[in-house]
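There is one chain below, alone, in structure tokens, taken in the form predicted alone.
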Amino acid sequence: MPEMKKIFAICGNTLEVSSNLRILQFLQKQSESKLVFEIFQDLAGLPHFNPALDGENPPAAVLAFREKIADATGVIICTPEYVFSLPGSLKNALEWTVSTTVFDQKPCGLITASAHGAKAHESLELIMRTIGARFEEQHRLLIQGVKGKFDNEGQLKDEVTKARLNEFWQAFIQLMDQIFPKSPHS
């Protein structure tokens, strides 16, 4: 029996509980028993990017992060926008991948969920294209006014957002199936 496809989901928000995390958890529920879905929430655990440390012996946390990306069938990033850009911790994490090929042709889904988010979304797309990630229009999703999309218990209540997330999810699964008809791990 082939190994299940693996999703490595990066939460761009360092808060313990955030709308970005809840969106990733919503997608994780869509994948139950079909895929391995791991949510990475430790951006703060990665050291500040330093090209001098990115030689033969990068920090262990960086190596582990890169390995998770390389081992994944696909990567989803869900981030807020801070000061019209990406959060520094997410940009830092992505900078640690620039000297590698871990994102080269890797199926990626990009979600920016924030009050506004357009500038961060644009920045995320540019960075991911620069490092070779594979995605199209249907694998990108901007969710504006995200806090109002959840109820007091943290459940996604907005039906339009649910439908958009489901469309995004189906398109992302199709992208992975197109690139990896069988799991790359089997």
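For every residue, the number given is its place in the sequence shown, counted from 1. Just so it is clear, the model here is predicted, and its values are computed rather than measured.
What comes next is about the form predicted in complex with a small molecule, which is not displayed.
Interface segment, criterion being heavy atoms within 4.5 Å of the small molecule in the predicted bound form, picked from 32-40, 45-53, 144-152, 125-133: Stretch with heavy atoms near the partner: 144-152.
**Prompt:** Would the small molecule be touched by all three of Ala72, Gly74 and Phe180 in the predicted bound form, meaning a heavy atom each within 4.5 Å?
**Reply:** Not a single listed residue reaches the small molecule in the predicted bound form, so no.
Can any non-hydrogen atom of His116 be found within 4.5 angstroms of the small molecule in the predicted bound form?
Yes, His116 lies within 4.5 Å of the small molecule in the predicted bound form.
**Prompt:** Would Pro107 count as a contact of the small molecule in the predicted bound form, using a 4.5 angstroms cut-off between non-hydrogen atoms?
**Reply:** The answer is no: Pro107 has no heavy atom within 4.5 Å of the small molecule.
Close approach of Ala163 to the small molecule in the predicted bound form, 4.5 Å, heavy atom:
Judged by the heavy-atom cut-off of 4.5 Å, Ala163 is well away from the small molecule in the predicted bound form.
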